[in-house]
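Okay, here we've got a single chain as structure tokens, the form predicted alone, with questions on binding and movement later.
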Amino acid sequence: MAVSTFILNNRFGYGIRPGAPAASSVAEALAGLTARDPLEKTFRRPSIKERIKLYEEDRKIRRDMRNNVAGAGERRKDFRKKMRMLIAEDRRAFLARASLSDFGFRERLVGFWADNFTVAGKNQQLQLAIGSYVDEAIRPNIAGNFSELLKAVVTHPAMLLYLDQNVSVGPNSPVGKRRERGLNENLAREILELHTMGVEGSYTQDDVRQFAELLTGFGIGKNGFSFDPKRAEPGAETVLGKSYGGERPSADDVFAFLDDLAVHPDTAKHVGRKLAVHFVSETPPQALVDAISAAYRDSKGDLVTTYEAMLTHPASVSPKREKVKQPTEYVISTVRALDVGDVLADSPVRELREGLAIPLMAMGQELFRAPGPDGWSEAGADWITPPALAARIEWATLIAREYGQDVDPRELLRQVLGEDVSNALKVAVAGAESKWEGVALLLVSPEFNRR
């Protein structure tokens, strides 16, 4: 079934940017996943290897402070300022790239998978890692096979730090015996419960523990991911009824399990439901979930095949807007509608904090700071609370006054939402006392806040 340009770009992208290319078919949306992206060089950020060098610099400064080395306190102050700037630039790059991209479905998928595999900045070290995590683990793998995406996520230092895998040691390993350090099950549990099989998956606590033992040895080195066999629990581990590993611990044993986990029937069901809930409805039709899951299962985790099943299903083209835009989506779609992505890309960081970061927090969402490993809520009721809605209205009014003075609100309505809007909205926009007030009415309308 054909999907309209407006549904394709608003429901599955970040909205239409007037005057810019927009996907007009499912084939175009899918082709955009692997097309050359001219924005890649513009928004290239430091690699995790470069960021690890910054961790080492920070440790040296801290050591000098403990040893009362002259000037260490000032160096620490300057370093922290430098780190805050780098983190702010990471967030700017994420928002600006989505705001300027001609490949809206690709950018939405980057956000979707970054949330599915949540890493939240609970401290500065983690905040510093997230920008490279999105660019190195998520972005390059959204159009491949799920197993490759899963392995990239599990081996990225940001995930290892976030779920404490860097401190997990096999109790019977050489390091475990010498230092009396033990097992941490966080990463193993979240991979099974949140990333793959889901909370209702057919695994047991023993599977979690065995998987956690299999993961020991995974850690962080000077170049990023590393595997240390001296930290790994010796012997084979049995997870989900199959044995992995043996006499000599190896990262390949973990990868073999992740490959099997990626094609597990429970993973197919979980991925199918996650995609349907995020893109289409909080309570998606079971037929839609089944179709996405079947495409995933039959293709052995090929993600483009999986997306195509979602985009072409009749439930996905319903004109009914069932999903509320999360604050980040709302902000990006507003910036796109007003075509002010260049302003976002070029503004000083301080202005961005006041004009975007603080309003986003008032709306209930701080970029890269999800409240837990399960990511952000998909429930619209959690985003349209009285205070959050008031924050949206206040921000929309400010941005409309700033950038909508010369915009014809009637034409903007037609360009970004088409004709499938209420007559009340058309009348209100057309009858506004000024152009910018008409733009503001569009931006705060239910039709624009839902997709």
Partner chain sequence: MKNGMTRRTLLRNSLIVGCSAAASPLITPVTLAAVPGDNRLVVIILRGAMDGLDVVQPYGDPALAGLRSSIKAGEAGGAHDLDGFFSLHKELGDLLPLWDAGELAFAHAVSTPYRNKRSHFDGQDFLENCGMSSDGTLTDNRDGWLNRMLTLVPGATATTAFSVGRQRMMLLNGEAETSSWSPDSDLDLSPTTQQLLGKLYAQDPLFEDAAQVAFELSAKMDGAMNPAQAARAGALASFAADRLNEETRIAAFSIGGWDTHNNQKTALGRPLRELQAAILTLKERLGSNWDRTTVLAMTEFGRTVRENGSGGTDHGTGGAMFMAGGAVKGGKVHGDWPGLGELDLYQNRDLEPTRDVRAYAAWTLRDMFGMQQAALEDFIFPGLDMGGDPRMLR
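Residue numbers count along the first chain shown, from 1. Quick caveat: nothing in here was measured; it's all calculated off a predicted structure.
Quick note: we don't show the form predicted together with its partner chain, though the next part is all about it.
Peer 1: Just one of 91, 189, 106, 231 has a heavy atom within 4.5 Å of its partner chain in the predicted bound form. Which one?
Peer 2: Selected option: 189.
Peer 1: So which of 394, 37, 58, 408 reaches within 4.5 angstroms of its partner chain in the predicted bound form, heavy atom to heavy atom?
Peer 2: It is 394 that has a heavy atom within 4.5 Å of the partner.
Peer 1: Can you check 127 to 135, 338 to 346, 355 to 363, 270 to 278 and let me know which stretch has heavy atoms within 4.5 Å of its partner chain in the predicted bound form?
Peer 2: Stretch 355 to 363 is the one.
Peer 1: Taking the shortest heavy atom distance, is residue 381 within 4.5 Å of its partner chain in the predicted bound form?
Peer 2: Heavy-atom contact with its partner chain at 4.5 Å: present for residue 381.
Peer 1: Applying a 4.5 Å heavy atom distance criterion, does residue 22 contact its partner chain in the predicted bound form?
Peer 2: So residue 22 does not count as contacting its partner chain.
Peer 1: So in the predicted bound form, does any heavy atom of residue 390 sit within 4.5 Å of its partner chain?
Peer 2: Output for residue 390 is yes: heavy atoms within 4.5 Å of its partner chain.
Peer 1: Taking heavy atoms and a 4.5 Å cut-off, does residue 373 contact its partner chain in the predicted bound form?
Peer 2: Residue 373: contacts its partner chain in the predicted bound form.
Peer 1: Which of the residues spanning 411 to 428 lie within 4.5 Å of its partner chain in the predicted bound form, based on heavy atoms?
Peer 2: Contacts from 411 to 428: 424, 425, 428.
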